[in-house]
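Take a look at this one chain, the form predicted on its own, written out in structure tokens.
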């Protein structure tokens, strides 16, 4: 009799465990879904929903991490459930939403969040509650330098991005004979703008490039006419903007209004990589360059790009870009860690994240791979440089993966 009771108890426990394993895995995603950055947030939402569908549903396998579908096999086929929260691009609102997602929605991880200012507050909350924060598209170098245990970032940060820009300057100078001798810094008054300009200032000094103008401005200003005049007066070889979408459009229009056509623009992505920028700036965007995490045209070396982009385009009527590709990748990496952990416990997921080692060819990104250091930073994220031609960004560097030659007007 005791044996029968024991067998029944074990069977019931196994059944309960199997049922528990098949429960949804709740991940909170915090983005601006209303306000001046709402389109970025809505695009991110679409990207996450596409990647969740790739993970959760049954379909032909896609050649990328978590691309086989069918849910999390080590958790009994459990599905990723995304709960979105609106930060309104406000760091304090983001902080409150992170706490709500963890305490009320029982999110076992948070992902986000577009601006570095919101990432700074969200990651403070996740650190306090001891749940992983996956920084998908925040680029401030200071974010992973605060001694946080629960912070992880798949994307390169602005030191890595800016180093790529200046390496490009060196190589294009050697290739064409037209070296960059001066730059103009143009950046918003935020953690993103300040950190970006600090790195660029240092790199310029290291390469003995003159900083002809150092222009800081208030984000979402109604006018950038005065700033455009300063940039025109400096007439640097390259303007280095660190700006979000509305300001990126505004500065190009302000420069056009005073008849100033820069020799070259090399943007710190952000707003310059958004379709809304390309549409809003129109012909003024032609020739602009930007660092990027993503190369839509790298389909030969990254075969997952075509099917993932097709799914995203069917859902959102636009191609993946620098930001949305990072969102797809961040969720895939987080889901992979959860699956390898075979657990929904945050500590187990954190440990699995520290053990991540994904080949670049198993992602949609032109990176060497994904592997986190002790600060939670992916050390294998390798940026590219792109340039607008015909209203579309094309990869121009590194030269061995470029699909077109750069249009380079410096020194000519």
Partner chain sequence: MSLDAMLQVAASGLLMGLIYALVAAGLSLIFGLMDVVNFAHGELMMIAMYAVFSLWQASGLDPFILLPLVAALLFGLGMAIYRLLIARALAVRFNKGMVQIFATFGLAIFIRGLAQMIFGGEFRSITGTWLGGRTWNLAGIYLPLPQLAASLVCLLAFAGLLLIGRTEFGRALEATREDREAVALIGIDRDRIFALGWGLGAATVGVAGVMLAGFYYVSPNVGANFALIAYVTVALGGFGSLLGALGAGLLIGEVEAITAQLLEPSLKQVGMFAIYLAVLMFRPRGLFGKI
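Only a predicted model underlies this, so the values are computations on that prediction, with no experimental measurement involved. Residue numbers count along the first chain shown, from 1.
Below, we turn to the form predicted together with the partner chain, even though it does not appear here.
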Heavy atoms within 4.5 Å of the partner chain in the model of the complex: which stretch in 239-247, 157-165, 73-81, 171-179 meets that? 239-247
Can you work out whether residue 229 and the partner chain are in contact in the model of the complex, taking contact to mean some heavy atom pair no more than 4.5 Å apart? yes
Look up in the model of the complex whether residue 57 has a non-hydrogen atom within 4.5 angstroms of the partner chain, and give yes or no. no
Quick check on residue 218: any heavy atom within 4.5 Å of the partner chain in the model of the complex? yes
Decide whether residue 318 counts as a contact residue for the partner chain in the model of the complex under a heavy atom distance cut-off of 4.5 Å. yes
If you check 379, 361, 354, 34 against the partner chain in the model of the complex, which one has a heavy atom within 4.5 Å? 34
Of 301, 235, 225, 207, the only residue with a heavy atom within 4.5 Å of the partner chain in the model of the complex is 225
If the criterion is a non-hydrogen atom within 4.5 angstroms, does every one of 256, 259 and 279 touch the partner chain in the model of the complex? yes
Where, within 35-51, is there a heavy atom within 4.5 Å of the partner chain in the model of the complex? Residue list please. 35, 36, 38, 39, 42
